[in-house]
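Below sits a lone chain in structure tokens, taken as the form predicted alone.
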């Protein structure tokens, strides 16, 4: 098959999943063309079956703002014609699905190309709630040849908010379990913590919805009883607020800011607990990667997180905003060696059984084949 994958290149679940999916599909011998405005964050390994196509909006005085959506539409249509694309796989509804649908219409006299829309979360739960965007998302979903969601939570949310006429298939996010597995590194661990200290980690894009300040406040509670350090991975608009809290609570010597990291397996492998305090998570890919590296998760029980963070099995959830409960569950995990061992083993086993890329990627390939062969 010849497949075009349209995605955002930035740090975030949709772009990461799209890129990892491209690599996975390419390993089956299919040709994949990634289309975006810059190389995706995880596009860092050579594969002869993967090609990247850059979208460059025109710089013309008449246009006050860059015309990315139109430029993307034109680029998709161009790649369909040049590479005989059979599937346009759009990750995120706006603008990707809209551009994919219009590109399909442009080439329709000459090419029979199918459009698959994969919804990842905020394109429905945040962007999709904006009145100006709702009719666009309605149009994109109903004109798509197939729709997928990454969690049961997102499936039900999409049905409730948009009631698309096309059926929706749930295909979960996934992990390359061969890459995301715990790799002991005592020397690296000692750079961050003493032998008697635990290491807690949080990874995100530091947007307001991630509520990283809650991570700092929970950690401040935890460290009063459990000797520990906190590693923060990522960057974004909430960083100044987080840095202020760190100074306010005299945590400068206990919290490490590592910024954006392209490979986080080494960091997860030295961690004892993953803290997640998002206001909404349709799936929680960062949490899944932690589980794959045998790191239990303590989080707010929002969105689709309850589908992967199961109480007393892979970690614990609590009510949104209940920082004391989050700290309580964290201290429970970190202070009970038998419990920690049970949880960490369950985490890895759970991912291997349900979220291994070798289980999930064939579901996409089957979907693509069915669309291509459909009369």
Ligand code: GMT
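Fair warning: this is a prediction, and the values are worked out from it, not measured in the lab. Numbering follows the first chain given and starts at 1.
One more form of this protein, predicted in complex with the ligand, exists but is not displayed; see below.
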item: Contact flag, residue 292 vs the ligand in the predicted bound form, heavy atom cut 4.5 Å; value: no
item: The ligand contact in the predicted bound form: residue 71, any heavy atom under 4.5 Å; value: no
item: Distance check, residue 148 to the ligand in the predicted bound form, heavy atom within 4.5 Å; value: no
item: Touches the ligand in the predicted bound form: residue 220 (any heavy atom, 4.5 Å); value: no
item: Heavy atom within 4.5 Å of the ligand in the predicted bound form - the one residue of 157, 122, 213, 269 that qualifies; value: 122
item: Among the candidates 173, 99, 277, 144, the residue which, in the predicted bound form, approaches the ligand to within 4.5 Å (heavy atoms); value: 173
item: Among 162-170, 134-142, 281-289, 107-115, the region lying within 4.5 Å of the ligand in the predicted bound form by heavy atom distance; value: 281-289
item: Residues in 77-96 with any heavy atom within 4.5 Å of the ligand in the predicted bound form; value: 92
